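First comes one chain, alone, set out as structure tokens in the form predicted on its own.
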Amino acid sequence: MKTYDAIIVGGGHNGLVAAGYLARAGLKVLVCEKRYVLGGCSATEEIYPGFKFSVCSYVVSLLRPEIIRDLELPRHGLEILPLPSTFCPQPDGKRSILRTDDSMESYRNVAQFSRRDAEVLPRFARQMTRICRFVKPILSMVPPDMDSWNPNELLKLLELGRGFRTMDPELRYDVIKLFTMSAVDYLEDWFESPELIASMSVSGIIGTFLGVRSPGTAYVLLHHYMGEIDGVFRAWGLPVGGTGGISLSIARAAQAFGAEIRTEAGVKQLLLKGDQVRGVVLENGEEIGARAVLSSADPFVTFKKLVPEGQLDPRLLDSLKHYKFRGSSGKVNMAVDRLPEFTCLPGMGKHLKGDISIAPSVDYLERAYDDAKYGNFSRRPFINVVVPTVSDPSMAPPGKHVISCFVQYAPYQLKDKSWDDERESFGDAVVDTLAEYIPGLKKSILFRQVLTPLDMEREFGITEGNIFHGELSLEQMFFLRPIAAWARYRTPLQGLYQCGSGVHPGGGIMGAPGQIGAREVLKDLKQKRPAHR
């Protein structure tokens, strides 16, 4: 039986980051990916001739700069183009909220809706940056053990408390608001224009089964503000080659450090001796040994599918029943034969190079959520659109384009209906809604791919199709992710670790779970020579 120091289950970006760090430290590492392509939900695929799609995830901001630096990702092909704008067209076909990287241009546009808001916007941006700087160190730390009297664990709690206590009072109050309020309520403390509030509030519902007025969504808004590109906080970017370009650059880095990567090598279950993990069994029956196994799969897949039945304390499995996945997002990808033109702002412009939101009002967003609450997909959904080919022409043939649509809401559980029956109706609802703003859209479509939460579960192995491996709600964050007893990357089985988005600090193309998970493995293997060199 072939053996390794560490085997990573899953070749998504977190698993690849873990492989990179472990191989960089001199371990013999194997990555096993079930699909034919690397990246998991951060993969680029040519599913229509000549057109390349970021099938699931589509933009990047949260990828930790220390990972880019440590793994030398630019040397291995990583290139991120900053998104220069956020564009929210209005249903009257004349107006739009357009915020760009030009502060005066943003001021003039927002001032059409509220001069006061245009003046407040820079101060809001500075405040969010200050809060992000406070939160940033938490993204790289192992959550403290709340039941431990270990001095090191108590010191972590003390440092967190001291940082909060010494914070400027105004900032401290804002942090409390962000952790307790809804996205809309928080934004209404700052702004008066309902159009601006609606366009900004959608960052609070990405990947959650919550509405923009639901308590806790202000934190999700903050989560999406915490990214940075080239040292600039709150910046978002478009990876060249799609999100698969990120995953492949990490894979190349890991291979340069000596990691071995296998595709079409799904792991069926773990090899155990007592409560000690000894390796994995692949779906083809091959057994491979390892001193440590890191799962980048979600907690349900890790504990319920990979671990043989009867090996875990039933209390752990009972706790996992209360961990909420509640997939609520769908994706519609289109190949089109011309540039999409918005009625309110026709032709090429900065607005097409950035992030586009169909979110005309808070009531519109709440009605979309109402559909989902009662077991239906949103008939008029929130749609987050990017047209990557405007900035990266390599994604489509000359003169043609790719349109990527992230959609909410698409609840995993439909009432009295099947997603297999409703898939195309859901796709029609998305296209019909977008066509109200882009009149020529329907005639331009050459190909359409519709992904429901059920499709994401089947194809990518993410439970209930939740893109974050579990909701980013406050009761499922930090030392409670996925459950309080096992939120520190280790598991009840010796040698089994978690390194996916189902552990702190959560989802998005971040890489931090893979980085920290690998770091904890290295701590445990310290003082021991690699067994298979």
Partner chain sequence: MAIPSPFHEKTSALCTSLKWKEWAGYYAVERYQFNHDQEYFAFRESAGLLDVSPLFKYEIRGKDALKLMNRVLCRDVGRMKDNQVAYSCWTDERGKVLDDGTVARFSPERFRLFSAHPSYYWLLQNAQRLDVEVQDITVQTGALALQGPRSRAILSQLADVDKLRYFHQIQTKVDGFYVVISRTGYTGDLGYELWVEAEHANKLYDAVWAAGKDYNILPAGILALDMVRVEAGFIMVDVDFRSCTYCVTDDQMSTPYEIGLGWTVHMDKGPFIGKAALEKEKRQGSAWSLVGLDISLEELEKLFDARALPLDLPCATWRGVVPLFDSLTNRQVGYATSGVWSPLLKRYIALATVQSRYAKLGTVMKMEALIDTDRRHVSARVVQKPFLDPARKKSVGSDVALVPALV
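Residue numbers count along the first chain shown, from 1. Just so it is clear, the model here is predicted, and its values are computed rather than measured.
FYI, the form predicted in complex with its partner chain isn't displayed, but the following is about it.
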Report yes if any heavy atom of residue 321 sits within 4.5 Å of a heavy atom of its partner chain in the predicted bound form; otherwise report no.
-> no
Contact label in the predicted bound form: residue 348 to its partner chain, heavy atom within 4.5 Å | no
Are any of the heavy atoms in residue 104 no more than 4.5 Å from a heavy atom of its partner chain in the predicted bound form?
-> yes
Would residue 130 sit within 4.5 Å of its partner chain in the predicted bound form, counting heavy atoms only?
-> yes
Please determine, with the chain shown alone, which of 136-144, 208-216, 179-187, 115-123 has non-hydrogen atoms within 4.5 Å of its partner chain in the predicted bound form.
-> 115-123
Within 4.5 Å of its partner chain in the predicted bound form, heavy atoms considered, which of 304, 172, 108, 373?
-> 108
